[in-house]
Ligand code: AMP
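Shown here is one chain on its own, the form predicted alone, set out as C-alpha cells.
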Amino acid sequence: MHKLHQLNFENTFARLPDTFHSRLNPTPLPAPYLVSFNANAADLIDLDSTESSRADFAEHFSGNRLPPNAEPLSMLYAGHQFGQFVPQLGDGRAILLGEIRNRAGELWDVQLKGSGITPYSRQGDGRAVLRSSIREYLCSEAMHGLGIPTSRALCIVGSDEEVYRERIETAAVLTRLAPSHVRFGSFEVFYYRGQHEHIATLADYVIARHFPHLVDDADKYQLFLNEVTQRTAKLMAQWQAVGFSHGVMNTDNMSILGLTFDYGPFGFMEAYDPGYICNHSDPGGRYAYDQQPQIGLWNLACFAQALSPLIPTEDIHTVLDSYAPAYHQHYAESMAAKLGLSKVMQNDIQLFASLLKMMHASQLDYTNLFRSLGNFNSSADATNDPLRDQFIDRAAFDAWVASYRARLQQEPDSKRKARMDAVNPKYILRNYLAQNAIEKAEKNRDFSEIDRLLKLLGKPFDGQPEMESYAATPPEWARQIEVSCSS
C-alpha cells in the first residue's frame, strides 16, 4: 500500500487536446475536516488506510493541497436533460485530479465533486452540500455491495462554508473513483458542434483504454457501440431487479462503461409501485421506475446519433435492435434467480408478472417480500401463512402458490433458500436511513451513522442480527422525505 505522496498518477485523459477539458485547480475549502473514509475504496488505488489519520488528509481531499503528479481538469460534455438537448454542460462542480494505476494494472479516475466553480458551472457555485454527498457516498457503496456496476466513493470532506440551496447548508467534497467518467454526452457535444474529428479522437481514446480488444477491428466503432448497448441493457435490468430508481437519467449521466453514477434524487423502491417516481423534480414521471428500461434505449439512440459520423446507419439500427432482447433476457434471469430458479422457462415471465401485480395491489415492500420468499415451503401440504397473510387477495395468492410450487418441483434444490438469500438483499439504502445519518451529521457532527451504514450496506445479503431494525419498512414520518435534482 502507498502513502499519499506515492500514488501512481498517469493522467491519460489530460493527454487529450484542450478541446476536451479545461485545466484548473480546485477552489480552496475553508477549514476542511474528514467526515468519513472508505477503506474498501482506498484499496482500489492502493492507498494505505492509515493515511486517513493524517492531520492534512482533509486538505488533500478537499482540493486544498494537490497530490504530486495530479493534473486537475474539468471535463467537457453536453447532454439531453429531461428530453431536451443542452449544447454545453460539463463538470460544473467536479474536478478530475487524474488517474491512478493500481498494482493490478487498473486505472482509476480520482475526482473531487464539490470542488468549486469551473468554466462549466453555468452560474452555479460549484459546491456540493454535505447532505447530497452523504447520499452519494452511501449509495455508491450500497450498489457495489449489491453487485451492480457503479462509481465508488473514497471519502467525504466537510466544511462550515455556507452553500445556498432550498435552505442554507454546509459544503462538502466527495472523492469519487471510477474507471472512467466519460459519458454519452461527452460524444454528443462534438456531434452537435459538427466537430466530427473530435468524436473519432474520443472514441479511439475510449476504445484503446477500455475496449483494447477492439482496437484493430475494422468495425471497431460499431463494436464499441454494441459494447455500450449491451452493458447498458444489463445495467437497466439490474436496477429493475433490485428496485432502484436513478431519478435523473439524462444522457450526461449515462456512463459509456455501464456504470451507475451521478447519484442525485435516487431511491430504492419500498412499497412496490411500477410507476414509482423518486425525483420530486420529475412530476411527469419521465424517469419513473417502469420507464427506466425504455429511457435506457432512448439515451443509447442519442449516443448512437453522436457516433453516426463513424458508423453506417444500418449498422446503428442493428446494434440498437439488440438492446430489448438483451434487457429482457437479463431481467428474466435476474427475476428467476430472485425466485430461486436456476434457469428461465416458458411460463416464468407470467409467474413474475403475477407476483408483482399482487404485490402492487397489496402495497408490499419490494425488498422485504422477495427476501421472505426464501422461506417459502414448497411441500404440497404447506400453508405458508406468514407470506399469505401479507396479501389482500388470498385467493389470488393461493393460485400463484400453486404455480410457483409446481415450477419449483421442476428443479428441486435443497439449497434454494441460500441461493435466494444471495440475490435478495436484506438491507438497502432506504431514504429514511440516509436521512437519519444526514441529520446526525448536520446537527451534531456525529458521523457514526454514516460509518455504520457504510459497513451494513457493504454486505446487504448477510443476516446481521444486531442491525435487524435497519431492514424494517419505513416509519410514517419517512413519507415526508422528498429528494430533487438539488439532492
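Residue numbers run from 1 along the displayed sequence. Small disclaimer: the values here were computed from a predicted structure and weren't measured.
Not on display, but discussed next: the form predicted together with the named molecule.
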| query | finding |
| --- | --- |
| Contact of Arg131 with the named molecule in the predicted complex (heavy atom, 4.5 Å) | no |
| 4.5 angstroms heavy atom contact with the named molecule in the predicted complex for Ser180 | no |
| Contact label in the predicted complex: Ser121 to the named molecule, heavy atom within 4.5 Å | yes |
| Contact test in the predicted complex: Gly374 vs the named molecule, heavy atoms, 4.5 Å | no |
| Interface stretch in the predicted complex with the named molecule - options 187-195, 409-417, 92-100, 361-369, non-hydrogen atom within 4.5 Å | 92-100 |
| In the predicted complex, the one of Gln222, Gln81, Asn384, Ser308 near the named molecule [non-hydrogen atom within 4.5 angstroms] | Gln81 |
| The unique member of Tyr327, Trp108, Tyr77, Phe266 whose heavy atoms fall within 4.5 Å of the named molecule in the predicted complex | Tyr77 |
| Joint contact, Arg165, Asp252 and Asp262 to the named molecule in the predicted complex, by non-hydrogen atom at 4.5 Å | yes |
| Neighbours of the named molecule in the predicted complex among 205-239 [non-hydrogen atom within 4.5 angstroms] | none |
